[in-house]
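Shown next as structure tokens: one chain only, the form predicted on its own.
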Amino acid sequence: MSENIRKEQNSIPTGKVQRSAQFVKTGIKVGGNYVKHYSKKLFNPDLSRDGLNEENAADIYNSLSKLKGSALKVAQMLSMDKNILPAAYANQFSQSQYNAPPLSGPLIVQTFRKYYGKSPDKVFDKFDLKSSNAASIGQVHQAMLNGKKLAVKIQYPGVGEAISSDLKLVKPFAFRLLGMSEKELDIYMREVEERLLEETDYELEVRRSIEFSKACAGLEHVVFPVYYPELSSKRTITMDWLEGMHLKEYLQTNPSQEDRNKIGQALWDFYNFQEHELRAVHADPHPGNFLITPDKKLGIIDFGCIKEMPDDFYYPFFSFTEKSVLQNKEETLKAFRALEMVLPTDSPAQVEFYLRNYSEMIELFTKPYTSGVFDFSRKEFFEQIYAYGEKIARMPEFKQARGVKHFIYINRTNFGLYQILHELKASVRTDTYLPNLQKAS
């Protein structure tokens, strides 16, 4: 695991008043940036928004990184949706995937005492107070016990209790950045809140980590740490320390195409096995949650965010991986109605509009599934996806909320998977774990 060299944080705002004050302060800074930008534009009408975006992105990220928790997690999620954010925001927010500013040693000891009733050196033989990785919800420390090297994840103070209030505070920023309608943003925020409440429950994460690692044990080239419930708590998790490199570090070693394909195949199989065999999936596919081990296997080190898929979503959603469905207008319309992509109130002209545009988008997005083998290094495939995303973002017809809430995390999961495979430049077999569309009688 990589060394974190960012400046340590000696305190964290935990109360509603403190946290809202941080947002107000940031809002004032962002407002000042707009004033400066438009003042310059008076003298230079051709001035682009690049400088404004960079200043705003830096100020918003610095604020969220001090608050940590759900506010920073939303930034992390947005950074993965690179086609809906200006590059300056995506680049700044992506820092939360690997290296948010860590909390200082004294604050970690204080947090540790709260949940264990004693300091770390009384629980473990050795405990490194300097964090190895710091992200949005918690940070990881290395420890030793009975000769075994362990990773201890400690949640930041107050983040679990501040989720609802934080999301209310982050909503105006998200509203401006995403350009969603208020109704759509409310659906987004409710679903995010539900997942984040689960993600901050570390006892739930330990149970799920054990369940999912057992269920996925048969997958080739995928490894999991052993978890220790007796050394964990509601806000701390203890697991085996997995040696390895994060994706960015791994790619700097210039791995062979064969090794890239091997890791890519392991990642594809890991996700598609869960989606189609377990009907629940690790819905946080950012690179910080994976390691490439010295023996070239994919290490999974975080099961905090799990999204379950009910039958009434799974069947119509994955039916589009069969080419015959999109070629059958009646079947396509039936699935679109089930997924609320076409609404009962739509006029015949609207039905045709959404049928045409959604079908075009789905045909593009399901290419990996319908290809048998897919080369994710194909730049033009991603350029087409980004271009289509920009195209529909400009259409007023897509400003209203459409689609059931499950889209938020499942689309994010599959697109996140595509992006990691693209970074790997991996070519993978996509027919290893296919959708199971035979309904039980």
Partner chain sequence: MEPKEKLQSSYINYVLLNGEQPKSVFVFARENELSEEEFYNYFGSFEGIEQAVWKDLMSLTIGEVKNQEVWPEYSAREKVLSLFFSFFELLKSKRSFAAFNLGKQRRSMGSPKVLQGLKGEFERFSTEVLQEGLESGELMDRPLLSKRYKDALWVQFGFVLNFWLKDTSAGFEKTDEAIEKGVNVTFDLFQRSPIDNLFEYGKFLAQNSGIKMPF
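This is a predicted model, so every value here is computed, not measured. Numbering follows the first chain given and starts at 1. Think of the rigid core as the biggest set of C-alphas that the two forms share within 1.5 Å after superposition.
What comes next is about the form predicted in complex with the partner chain, which does not appear here.
Screening 348-356, 189-197, 106-114, 236-244 for residues having heavy atoms within 4.5 Å of the partner chain in the predicted bound form returns a single hit, 106-114. In the predicted bound form, none of the heavy atoms of residue 285 sits within 4.5 Å of a heavy atom of the partner chain. The shortest heavy atom separation between residue 211 and the partner chain in the predicted bound form exceeds 4.5 Å.
Contact check for residue 129: a heavy atom falls within 4.5 Å of the partner chain in the predicted bound form. Put simply, residue 102 is close to the partner chain in the predicted bound form: some heavy atom of it is within 4.5 Å. With the partner removed from view, the residue among 277, 121, 340, 203 that has a non-hydrogen atom within 4.5 Å of the partner chain in the predicted bound form turns out to be 121. Only one of 299, 158, 255, 316 lies close to the partner chain in the predicted bound form, with a heavy atom inside 4.5 Å, and it is 158.
The rigid-core alignment places the CA of residue 119 2 Å or more apart between this form and the one not shown.
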